[in-house]
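In the structure tokens that follow, a single protein chain appears in two forms: structure 1, then structure 2.
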Structure 1
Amino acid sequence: MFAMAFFFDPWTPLVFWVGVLVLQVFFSQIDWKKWLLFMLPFFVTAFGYFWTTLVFAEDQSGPVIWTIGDLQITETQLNHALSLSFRVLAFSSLSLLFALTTNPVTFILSLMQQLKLSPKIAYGVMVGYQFLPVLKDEFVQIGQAHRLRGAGGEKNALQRLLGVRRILIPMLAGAVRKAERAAFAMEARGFTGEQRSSYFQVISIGKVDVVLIALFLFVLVLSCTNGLWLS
């Protein structure tokens, strides 16, 4: 993703996006219905970038290749619009591939063991990740309790939005209490935040990891070289 930021032609992000999709098809077991549902907002965002860049682009140099009424679209405008759109699709597809195929706990443990991530940060992230479904359930429960007591029946959208604070304040107060209890429990069990020399679950880099690294590097090099050649 960092390398893609330095290429402004439409071919490089397009080839990279196609390469990520090919890897996803052959090396993952993603539910494609879920993937399409998650990708829908990014498709809308990509189309928004495409249309706004065509209409409001500052650089309108180059030959005119398309005319819509009084709007003249040049080759430079079209290339910039396609580049931004394909970049959004490439970044979102790569992010979804990571999110849908990665166990977060195993990932954090690997960062601790391979990259020496601080245990304070690692366990803080894992505890926060475990709290997310709890916060979601509490949000629903507090909202239902308010409706049982006659609150939260506003029909105006602005009033409903302002009424959310009645749910967020007690929910955040409960989250603070849970975080304090979790911190006390970790200290009681000897957690000091220092690096460990041994682990109960050892995460090692195997042949599959090396192969996937090589495949992703191949896709990156292929997209960059094709982008420079086609542009």
Structure 2
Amino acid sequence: MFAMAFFFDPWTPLVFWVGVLVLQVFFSQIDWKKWLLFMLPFFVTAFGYFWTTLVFAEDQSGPVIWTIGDLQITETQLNHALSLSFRVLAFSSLSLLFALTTNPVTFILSLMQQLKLSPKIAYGVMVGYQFLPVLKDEFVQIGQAHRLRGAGGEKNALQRLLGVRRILIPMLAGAVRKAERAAFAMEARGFTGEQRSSYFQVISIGKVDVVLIALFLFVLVLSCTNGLWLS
């Protein structure tokens, strides 16, 4: 019961969220407009959690502090609701901070160099990730090819939506072919998947990274273990 009260008190996640924001101000030059845009869906989610918890919560003990029509809202309920919402905000801000400050390729290279992740996986994932912009072009190109060949030309929105479905399979088929060729290219360059003895681009870890990683792990552990404490 004590643990529950501790974990569903709204202050811990709130303090945590503010902490993340402070970190963000100090350690990175983040474009706040962009940040707000990305955060918008999470604000909506947080709000969703807030009111559903108020309405559907099981634990209805504690003094009633609000009455809206038939609905009575107790202090415990309000605390739970606030706690869950702040938790959503805290976690999403943290991952956003991570996402906006980390270059994925450097991140994978670092996983391989520092944590000895298998190069087969690391390079496999990296090569796949680098196809991201190519896949976007591919989407456009399949449409263009249809147009060039005299197919398509759907007018209304519904037809266009069905058209998108017609694009998904060719796109995946294209992905399969690209994967195969990239793998052939890697193999032809002598890639065997064994650990490499030296790197051209050495990734070194700075102070900021250490702080971020430590924080990251802390949150990860926290978010995994609090469930256990609850039971």
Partner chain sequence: MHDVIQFEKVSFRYPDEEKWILENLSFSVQRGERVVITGPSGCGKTTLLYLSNRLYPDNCDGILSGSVKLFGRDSLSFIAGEINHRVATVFQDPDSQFCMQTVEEELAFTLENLHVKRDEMEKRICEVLELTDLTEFRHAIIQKLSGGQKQRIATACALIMEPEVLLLDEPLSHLDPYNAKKYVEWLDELQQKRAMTIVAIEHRLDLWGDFFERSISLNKNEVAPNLEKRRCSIKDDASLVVNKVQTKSFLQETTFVLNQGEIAVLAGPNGSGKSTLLKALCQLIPSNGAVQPKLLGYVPQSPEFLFLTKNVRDEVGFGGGNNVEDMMTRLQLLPIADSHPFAVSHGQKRRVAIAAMLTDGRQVILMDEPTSGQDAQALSELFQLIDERACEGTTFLIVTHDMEFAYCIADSILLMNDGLLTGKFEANEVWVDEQLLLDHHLLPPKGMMLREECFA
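Please note that residue numbering is based on structure 1, beginning with 1 at the start of its sequence. Between two forms, the rigid core is the largest collection of C-alphas that superpose within 1.5 Å. In this text, all values refer to a predicted model and were calculated from it rather than measured experimentally.
- Form assignment for the chain places structure 2 as the one matching the criterion, namely the form predicted together with its partner chain.
- Here residue 37 does not count as shifted, since its C-alpha moves by less than 2 Å between structure 1 and structure 2 after the core is aligned.
- Residue 179 shows a C-alpha shift below 2 Å between structure 1 and structure 2 [criterion: core-superposed Cα displacement of 2 Å].
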